[in-house]
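Below sits a lone chain in structure tokens, taken as the form predicted alone.
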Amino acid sequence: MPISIETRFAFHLPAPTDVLLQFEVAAIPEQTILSSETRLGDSEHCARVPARDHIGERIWIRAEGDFEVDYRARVDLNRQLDTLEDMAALAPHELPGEAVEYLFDSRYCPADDFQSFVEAQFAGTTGGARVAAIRDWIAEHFTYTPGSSTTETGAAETFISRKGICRDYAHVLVTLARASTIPARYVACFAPGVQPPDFHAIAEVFLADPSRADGGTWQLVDATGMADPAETVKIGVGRDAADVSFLTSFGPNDFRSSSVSVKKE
């Protein structure tokens, strides 16, 4: 079943400014882009560069004044989906290089500070069962509250306040998984059913691949419960939100408007 995506956003740059954008669907094996169209405002410079882990692309622009982005895509998904609770963890020495960096602390995810908590709260669970327990604990104890956090809010602050938006839920899940020695990364994505409709954020964890004698597989996990992994379209991945923001401005930026529509056809 194809997923149809439309997004538009606009901002104003009062002076010539470098801006890094990442909003397009990633062209990767688990999702086939059936069609896409990107329209960008006028700029002094525009160039594409690979995104983190070569999942998706970023677009550098240098512009001044009003700038608008209009993007549309249709995507087919063919993702490996396994029963999370039945998946085993991989020992750290068995992890491939691509997964190792996602065990470490990052700007918004201070995993080391939560090691004692996860061992006490989720004792007796390992691997995918531990991740599922973390997901369910967040869903039970946190309140989805638009406007309750800022771009500077990290997992520790969200853990204390017990409220936030998808970005915050993803940061807490990533942090608690890493504290459990399970590689976890932040995923920017599109998904139908997200309320209010917007760019969405979830987590992805690296666990033993049940279809192989060795090796692992990344599995999507959404503590908000809004995104179905079978219908989630990846934009990009990173250590946390800082790595995969849809707009990073290296100078003053007046963000004007944004709209996102994601539908199953």
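Numbering starts at 1 and follows the sequence shown. Since this is a predicted model, take the numbers as computed values, not measurements.
Heads up, the form predicted in complex with a further copy of the same chain isn't pictured, but that's what we're talking about next.
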property	result
Residue contact check: residue 127 to a further copy of the same chain in the model of the complex, 4.5 Å heavy atom	no
a further copy of the same chain contact in the model of the complex: residue 110, any heavy atom under 4.5 Å	yes
Partner proximity in the model of the complex: residue 50 to a further copy of the same chain, non-hydrogen atom cutoff 4.5 Å	yes
4.5 angstroms heavy atom contact with a further copy of the same chain in the model of the complex for residue 123	no
Contact test, all of 97, 105 and 114, partner a further copy of the same chain in the model of the complex, heavy atom 4.5 Å	yes
Contact residue in the model of the complex, from 136, 85, 101, 76 (heavy atom within 4.5 Å of a further copy of the same chain)	101
Listed residue (194, 156, 132, 165) with a non-hydrogen atom within 4.5 angstroms of a further copy of the same chain in the model of the complex	156
Region of this chain that lies against a further copy of the same chain in the model of the complex, out of 200-208, 24-32, 220-228, 53-61 [heavy atom, 4.5 Å]	53-61
Interface residues of 235-250 toward a further copy of the same chain, as seen in the model of the complex [heavy atoms, 4.5 Å]	239, 242, 243, 250
